[in-house]
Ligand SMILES: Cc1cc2nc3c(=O)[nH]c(=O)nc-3n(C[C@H](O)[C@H](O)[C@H](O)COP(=O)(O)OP(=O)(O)OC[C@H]3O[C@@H](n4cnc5c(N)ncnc54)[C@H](O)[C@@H]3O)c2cc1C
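Next up: just one chain, as structure tokens, the form predicted on its own.
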């Protein structure tokens, strides 16, 4: 008897076909509708091109980046402290693609009606492929309004923050064509109450905006510790103040910025969230002394907007997977999508997904028209309310 004939025990049937390689923009009628309605019709070819990337190579890179988590390397083989985070090449592919397509810069470098909507639409597609890289992308994008409050630092940093070149090398800013920016605010005793922060800032020479300080303290949550610089908060004689803290000093030596450990997380695995300490780390004051919260809120408002976009993206991808499955899976002789109860489930998911997207892109329209007092008030309100509601609904 030839036993090899029994090696194939069954034929796999009643499974949905693969979605690999699908252009995520072309299958998303709500995204097409709302991006056009809110002023980004002129960018349709750019959004469409990113939809092809998101459903193809970026989707594949997303799986690899999360299967191969970042690794913290505290010392080199000779015993020198180096505080590096090593990433899988797929993570760098995700970052490079996003930066080169303007996800960190386009509304600032090419401001026009629909610019924030177009960029949000591409971020929405990117986040469906992989969400963890969205953290440094968002913070780099969101740092611009805060940096503009300190013109001398902005002249030095903004050309490289806004560059469409991704450079992950561990060197000083002077040697890089493009940089990424992170944020470190939360401390153990304060949580979201940043006014309880105990990190102290000591002037190196003259004090005040734009001047150099040394920071001593800890941060319980520093997201994306491989960034080139961080907006952070520390106490001065006049209260909580915002600072820009680079990973390297002007003489190219490493700053006194020490990673304690990476966070062990349930999701968002590709992003290296961390705990850090400042042991006399050199930093420069951004904005008015003692007004750290209003200064960094310029950044936080934009990160809240991206939380809306990113959570909407997760909802959309969940809907895409569910509806695709139900359109091809047969139960009881009928497609799941033809079953009345399943239609109710999918309809609820579709309504909530589109509502989240519509609110997010409407927020983008407001950001494109902040010179209108009504739009400015709308943006100020919806960044908080929209983030709260969409992020609350996304897990469900």
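Because the structure is predicted, anything quoted here is derived from the model rather than measured. Residue numbers count along the first chain shown, from 1.
The same protein also has a form predicted together with this ligand, omitted here; what follows describes it.
- At a distance of at most 4.5 angstroms from this ligand in the predicted bound form, none of the three residues 308, 360 and 383 contributes a non-hydrogen atom.
- A heavy atom within 4.5 Å of this ligand in the predicted bound form is found for one listed residue only; from 258, 202, 221, 72, this is 221.
- In terms of contact with this ligand in the predicted bound form, the residue from 317, 235, 303, 273 that brings a heavy atom within 4.5 Å is 273.
- When this ligand is considered in the predicted bound form, residue 192 lines it closely, a heavy atom lying within 4.5 Å.
- The shortest heavy atom separation between residue 97 and this ligand in the predicted bound form exceeds 4.5 Å.
- When contacts are judged by a 4.5 Å heavy atom cut-off, residue 265 counts as touching this ligand in the predicted bound form.
- In the predicted bound form, this ligand lies within 4.5 Å of some heavy atom of residue 186.
- In summary, the region of this chain contacting this ligand in the predicted bound form, judged by heavy atoms within 4.5 Å and restricted to 177-185, 116-124, 319-327, 87-95, corresponds to 177-185.
- Shown without its partner, the chain has 139 as the single residue in segment 124-147 with a non-hydrogen atom within 4.5 angstroms of this ligand in the predicted bound form.
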